[in-house]
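Okay, here we've got a single chain as structure tokens, the form predicted alone, with questions on binding and movement later.
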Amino acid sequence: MDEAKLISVLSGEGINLPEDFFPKLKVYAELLSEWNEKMNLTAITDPETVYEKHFLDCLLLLKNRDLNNKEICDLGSGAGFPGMLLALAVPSAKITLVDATKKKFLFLEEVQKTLQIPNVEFHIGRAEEMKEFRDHFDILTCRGFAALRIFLEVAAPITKRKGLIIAMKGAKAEEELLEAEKAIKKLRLDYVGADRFVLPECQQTRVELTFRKTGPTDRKYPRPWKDILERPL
């Protein structure tokens, strides 16, 4: 997928982006390629595949969602997907990128500096240890962070009441949703629904599962990471 095809697909989905977005996106792709030679940021290196499997996939989050003036947290940001792209696309949003791997932030800091993205902040550390952010964010996002029921346990405590949690998944999203039924109930979440999309060139399925926080999360959550992994809700 090249830039022209990306613009066409996004336009067809009703997603409008700032005038300077696509020139900056091109630089982002170049930085990703350059830095990927120094560290393992992504297994996807072909530029046209990056545009489809990374950029398009992440930007579909903007369909039918108003992120303006929202505080958003992206857990397990890695190379900045989707958080850094959302910061570029929605300048009025405040985005916090979270990852436990410190060296990845060297790349993200370079992207922020080069593309002059003022509305992004970095949090180096584990999501389950973000106690100072309890009940803080309007929206939580995650792409490939962990199994759904594990992600929900670390996401719910730092989401505001009535805030949204969006898990970006693949073709097995429904299986994870069934496994997470107990977690959804215990964490006081409502399942809002699923948005499905087939990437046009590789024909891979993408599913965005959305949840709304309906009440305060029990203070015993999140548990230590070892307990979350060994005994998922």
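Quick note: we count residues from 1 along the sequence shown, nothing fancier. Everything numeric here is computed off the predicted structure, so don't read it as measured data.
The form predicted in complex with a small molecule is left out here; the points below concern that form.
> Work out which of 156, 72, 127, 85 lies within 4.5 Å of the small molecule in the predicted complex, going by heavy atoms.
Contact with the small molecule in the predicted complex is made by 127 alone.
> Taking 4.5 Å between heavy atoms as the contact cutoff, choose which of 107, 145, 133, 122 touches the small molecule in the predicted complex.
Spelling it out, the residue with a heavy atom inside the cut-off is 145.
> Does the small molecule come within 4.5 Å of any heavy atom of residue 225 in the predicted complex?
Yes - in the predicted complex, heavy atoms of residue 225 and the small molecule come within 4.5 Å of each other.
> Residue 163 versus the small molecule, in the predicted complex: is there a non-hydrogen atom within 4.5 Å?
Residue 163 lies outside the contact set for the small molecule.
> Looking at the partner-bound form in the predicted complex, is residue 101 within 4.5 Å of the small molecule by any heavy atom?
Taking the distances in the predicted complex, the answer for residue 101 is yes, it comes within 4.5 Å of the small molecule.
> Is the gap between residue 54 and the small molecule in the predicted complex 4.5 Å or less for some heavy atom pair?
Result yes; residue 54 sits at the interface with the small molecule in the predicted complex.
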